[in-house]
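Single chain ahead, written as structure tokens, the form predicted alone.
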């Protein structure tokens, strides 16, 4: 297998831990270990205190899988497998779903692994772009892209990097298309619960026997360092293939991480409320910023913790490079998604966003002049 460099991750590897402000971050403000443990119920705390650093069950801690399944009712714990973050889940799923010569339909722009792993396997890709006027998805274009050798439709809503959300009727049509063609709908749902209207879509796994839902503790739950993700699907043959492929990656999850994820999921109402408080406050700051500065424009996100503004006063790659080197503020230019149009990803899930935004405002004033 030969796979292309992951542009976004290489870009972050260079800068993320060398700057003061990561304004392109996709997660919500991370919790400290002490903060997570303070959320523990009695059972979770007993599990933490008695924790052994031995191997864990390959599918994941049963109590954790049961908690995850409650996000995908009426699924149960046996319909869930855990992974070392969402990225391992994507890698394993694409190897379980696709072979050389197969075809995948992928909504665009997209996180690179959602299509690059398929390419490395030897599958072909048809991209269905979101409409840049409002970041909406033409579901008819998805239907038109289907081929006899299509095996999977790949979507990501709430969407990164645009912050778009799919209306419920279009989601239902995607399910119908997948079922009509006998393919899986792989739904990257890592930003679920960060909807501005507070009404998440049903999960793909809970809606269709062909549905595959990807989740993670990294985004809405503010626990990226726990490295716990999951795939839920009611398809038993697919789950068996996922388990078989996973034997060649991490084999099992970290024991401490499983307990931390269990704590976070059991306390999810408080965690999600915290995320919305941070995001709502930051969006008010961003609304004022974009209203006042005509060097930028954006389509206000409907969900998630990222948006995809457009820079109108010069080349965004050059601007982003100067911004990080001179001002210590990191944004993610659209070129790292392979997306033209002078866009950049901006994250608004962290508490230092207003400070980072002010540094960018000051820098762009001198940069453009």
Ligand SMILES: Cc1ncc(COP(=O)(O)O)c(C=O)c1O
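Positions refer to the first chain, counted from 1. Just so we're clear, the structure is a prediction, and the values are computed from it rather than from any experiment.
Heads up, the form predicted together with the named molecule isn't pictured, but that's what we're talking about next.
Among 153, 216, 204, 263, which has at least one heavy atom within 4.5 Å of the named molecule in the predicted complex?
Comparing distances to the named molecule in the predicted complex, the residue within 4.5 Å is 216.
Would you mind picking the one in 222, 163, 211, 85 that has a heavy atom within 4.5 Å of the named molecule in the predicted complex?
Contact residue from the list: 85.
Looking at 130-138, 183-191, 272-280, 196-204, which lies within 4.5 angstroms of the named molecule in the predicted complex, counting heavy atoms?
This holds for exactly one stretch, 183-191.
Contact between residue 44 and the named molecule in the predicted complex at 4.5 Å, heavy atoms?
Heavy-atom contact with the named molecule at 4.5 Å: absent for residue 44.
With a cut-off of 4.5 Å between heavy atoms, is residue 336 one of the residues that contacts the named molecule in the predicted complex?
No, residue 336 sits far enough from the named molecule in the predicted complex that none of its heavy atoms falls within 4.5 Å.
Residue-level question: is residue 246 within 4.5 Å of the named molecule in the predicted complex, judged on heavy atoms?
Because no heavy atom of residue 246 falls inside 4.5 Å of the named molecule in the predicted complex, the answer is no.
Using the partner position in the predicted complex, report whether residue 111 sits within 4.5 Å of the named molecule, counting heavy atoms only.
Residue 111 belongs to the contact set for the named molecule.
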